[in-house]
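Next up is one chain by itself, shown in structure tokens, the form predicted alone.
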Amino acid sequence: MIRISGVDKKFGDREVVSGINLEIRRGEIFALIGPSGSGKTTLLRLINLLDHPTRGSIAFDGLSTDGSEHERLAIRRRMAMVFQKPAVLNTTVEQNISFGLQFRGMEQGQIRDRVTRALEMIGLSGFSKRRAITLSGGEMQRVAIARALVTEPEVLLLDEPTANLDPLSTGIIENLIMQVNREKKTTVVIATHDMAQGQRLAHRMGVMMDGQLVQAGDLYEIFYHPVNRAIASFVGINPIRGGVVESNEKNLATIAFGGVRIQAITALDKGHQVAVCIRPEEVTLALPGVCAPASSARNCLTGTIQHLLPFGPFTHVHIDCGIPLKALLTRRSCDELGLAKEKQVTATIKATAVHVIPDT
């Protein structure tokens, strides 16, 4: 659907994005995640042809976007973009939504039909005559999305569409995005720094850092197999550093952290300096002397609880096992085990749950 090849973008002497290679597939929701200032918005603007790449190329449905302004406009009309801060005109809601259709010269009867359907879709059917500037932030954002959707774009580009919105408004907009993708087969590209939102919405993700696309893949690849320590930290894993591959037999490696040894699956040879990434939900806790319930787990470490931190309906349990570990348990599980600070526990981890990366 969209192929980005070797794209750089400079503003003056400042390089904002560099060496971007990416393919976005027809009908998918693709999330660009990354910290603020990582280049996500610039990449969206390049895809939407609002800016020209300094170097490289972008193809849309097999068509080059390097053509004449007339050709670029024809491609742009197959896309729609909604910006982080909703821009509404000081007119009625229905006039705001119909603006793009009027610009295209559509017949008035068709415009009314499309606007009516769009208002129903965004849950604002009774708001057609309201002045758009009197709406709440969440309602304004829904109007901005409806204004994009009435043009029936093949690609919908969303830049932080729920930033600074309350949870209720965020949920409404996220449901709308999924509905549009499911029912209309619209390809959606969303830029967000909210990893949880990316997980809820996206089929695939790309991680942007310092203007580069450092990893792209499905959710499992991004959250369970980050390619470096920076991505691991961003997606909520604290890499455990200072490990050395002590032995490796058919990719089952023993990794030494001082006096602590962990078994993991990796192709890295003996002698490599490594860090390991273990997601909290992959750590099972039991009372001392019980290395269970997962009997297939190769790693069984005893440690002392350092902190218990509430995390919604869950609790993050920080444990010192000679290496720092974090487990994610329900509050009920914590209560049943009687977990408390300074209490000893046994942490069980499968070798397949330990992701190994070079410690560079």
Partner chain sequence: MEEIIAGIIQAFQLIISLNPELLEVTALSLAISLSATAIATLIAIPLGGLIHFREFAGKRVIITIIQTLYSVPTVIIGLVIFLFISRSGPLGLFGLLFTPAGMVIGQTILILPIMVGLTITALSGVDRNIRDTLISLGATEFQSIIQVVREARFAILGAVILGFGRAISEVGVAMMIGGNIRGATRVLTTSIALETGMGNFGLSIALGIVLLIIALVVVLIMNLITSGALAESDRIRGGP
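Positions refer to the first chain, counted from 1. These figures come from a predicted structure and were not determined experimentally.
Here the subject shifts to the form predicted together with its partner chain, a form of this protein not shown in this document.
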property	result
4.5 Å heavy atom contact, residue 130 to its partner chain in the predicted bound form	yes
Partner proximity in the predicted bound form: residue 48 to its partner chain, non-hydrogen atom cutoff 4.5 Å	yes
Distance check, residue 89 to its partner chain in the predicted bound form, heavy atom within 4.5 Å	yes
Touches its partner chain in the predicted bound form: residue 76 (any heavy atom, 4.5 Å)	yes
Among 108-116, 184-192, 163-171, 92-100, the region lying within 4.5 Å of its partner chain in the predicted bound form by heavy atom distance	92-100
Site check 302, 312 and 350: each within 4.5 Å of its partner chain in the predicted bound form by heavy atom	no
Option touching its partner chain, based on a heavy atom within 4.5 Å in the predicted bound form, out of 274, 81, 213, 122	81
Interface residues of 325-360 toward its partner chain, as seen in the predicted bound form [heavy atoms, 4.5 Å]	none
